[in-house]
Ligand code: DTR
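One chain follows as structure tokens, the form predicted alone.
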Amino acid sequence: MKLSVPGRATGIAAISIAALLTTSAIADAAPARVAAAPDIPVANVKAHLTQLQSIATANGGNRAHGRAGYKASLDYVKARLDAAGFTTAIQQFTSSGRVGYNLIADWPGGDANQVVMAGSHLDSVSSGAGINDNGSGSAAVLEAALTVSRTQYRPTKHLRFAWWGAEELGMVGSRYYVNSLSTANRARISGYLNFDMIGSPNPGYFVYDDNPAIEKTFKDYFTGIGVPTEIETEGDGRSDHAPFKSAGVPVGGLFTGASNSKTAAQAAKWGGTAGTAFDRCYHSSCDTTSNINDTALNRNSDALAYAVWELSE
């Protein structure tokens, strides 16, 4: 995140059989509905984080805009998507005298006039590997996309996934993308979902309140697993949903907190440590694979998939 039955039955027998048939029909229908919102294996998400950490370690300790670590991160994500059958495109831009890149991945099929997008920024700050900020969102979006391929999901709407460059310099990549769209193509995006810092070590569960329908989708998921949420305020306007919102695209997203401190009330609600930052390694060299809360990463990855499936039906 940027700083700033046969025959005919009668009577009781008929009622019993009818009840059984109804119960059976519900049971048969339930797995199909559950299958519409797949579980995202957190081990797979963490494996992507391990790869991003290795890339940072091999490239000066970071994955920042214009640095070799960023391009290697993009190449890793692109290779996984290409192998999974996505149509990928790299969008190039320049910021602060350095070349940056966005990666866009489209899943074939669906109504091209109704596009559901999920995205995250792939760059880190120069001071660290950026594993929570924002390897966590990038890895979860990648694994959700790979799950689309693995399950051969065929939604009514068209699915597009994105990884943005130079977010840490002021949402440069996502703004470049939005500005490059024609008015008609912007109007075709029915929703953009943003995932930035979703595995903070002292996590809160924050939902963007920019669009009521998208907000409700995320809240419904968390209500279903018994986890209370709060409206996201710390990062409001400071991540890649902002250019989309400014262009009139409905937006939403998830966040687990950055440098703000967890209150006593929040600790009572979510666990963790009151009076301590949600992410004490925010924009620091200690934002490594050890700076991730697995439970938060797992819940938010599943909530991501739930929203993508629900909103693209």
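Being a predicted model, the structure only gives us computed values, none of them experimental. Start at 1 with the first residue shown and count on from there.
Below, we turn to the form predicted together with this ligand, even though it does not appear here.
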| item | value |
| --- | --- |
| Answer range among 236-244, 220-228, 154-162, 78-86 for contact with this ligand, defined in the predicted bound form as heavy atoms within 4.5 Å | 236-244 |
| Proximity to this ligand in the predicted bound form, single hit among K262, K46, H283, R67 (heavy atom within 4.5 Å) | H283 |
| Non-hydrogen atom contact D196 with this ligand in the predicted bound form at 4.5 angstroms | yes |
| This ligand contact at D210 in the predicted bound form, heavy atom, 4.5 Å | no |
| D106, heavy atom within 4.5 angstroms of this ligand in the predicted bound form | no |
| Partner contact for E168 in the predicted bound form: this ligand, 4.5 angstroms, heavy atom | yes |
| In the predicted bound form: members of 124-158 within 4.5 Å of this ligand, any heavy atom | D133 |
